[in-house]
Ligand SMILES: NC(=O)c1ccc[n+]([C@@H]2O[C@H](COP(=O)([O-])OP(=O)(O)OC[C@H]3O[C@@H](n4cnc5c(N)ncnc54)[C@H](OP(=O)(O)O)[C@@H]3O)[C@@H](O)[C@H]2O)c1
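Have a look below at one chain only, the form predicted on its own, in structure tokens format.
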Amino acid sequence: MKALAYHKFGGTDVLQIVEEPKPSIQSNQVLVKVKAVSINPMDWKIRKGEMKLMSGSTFPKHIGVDFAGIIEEAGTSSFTKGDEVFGVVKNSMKDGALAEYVAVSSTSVWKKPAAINFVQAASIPIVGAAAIAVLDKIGNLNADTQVLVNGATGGFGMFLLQLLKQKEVNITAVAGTNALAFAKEWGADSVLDYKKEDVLAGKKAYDIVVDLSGKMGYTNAKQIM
């Protein structure tokens, strides 16, 4: 099968399409024919060598965690061949999702809802789980809670805005000009264009600040809380 791998840290030019054996599965695993994969910041940071303490420096390495596809072999799981699923690989550097097939634990895949396509399903696991983790850490929310989401329209923000909206809080989203409509569509009550407005210079105060851009910093965030 074809897979994407790299033998040294660097830019996208280090990525190579290689031929590898089609994975064989253990009884507790499923074999999935991959239809779509999503890329997260962690993937390119590892590839560039920015996370060597986690990744180590042994090569070759693979890439991609989130995937969606069709069950090829079901093992002893409750899945059947032909089921449409989405899921994650346990070790993206060893068994990256950017391959024609992946062998993963049956507990690492879920049936794909019929209402979404493979591309949409592949975007869910990492950022969706992260958004849920943020909600868990925030704790109690109500209609009076003022939440600012800075950098609100990446994959993480797309899920977080929708989950916050279900809590009926008041959401202010900070995004670029071209993404403001998406922020409103996903649940923001008000939007700020960071190219035109400085949220730190505003008079509005927030109960919670979620900085998904990584650029605001805790000291700055405290000024508007």
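It should be emphasised that the depicted structure is a prediction, and the values quoted were computed from it without experimental measurement. Numbers for residues come from their place in the sequence shown, where the first is 1.
Omitted from view is the form predicted in complex with the ligand, to which the following refers.
- In the model of the complex, no residue of the candidate spot (6, 64 and 104) has a heavy atom lying within 4.5 Å of the ligand.
- Heavy atoms within 4.5 Å of the ligand in the model of the complex are found in exactly one of 56-64, 162-170, 189-197, 24-32, that being 189-197.
- Contact with the ligand in the model of the complex, judged by any heavy atom within 4.5 Å, is made by just one of 74, 116, 130, 138: 130.
- With a 4.5 Å cutoff on heavy atoms, residue 215 counts as touching the ligand in the model of the complex.
- With a 4.5 Å cutoff on heavy atoms, residue 155 counts as touching the ligand in the model of the complex.
- Contact check for residue 126: a heavy atom falls within 4.5 Å of the ligand in the model of the complex.
- The ligand in the model of the complex is approached by residue 45, whose closest heavy atom lies within 4.5 angstroms of it.
- If you take 159-187 and check each residue for a heavy atom within 4.5 Å of the ligand in the model of the complex, you get 174, 176, in sequence order.
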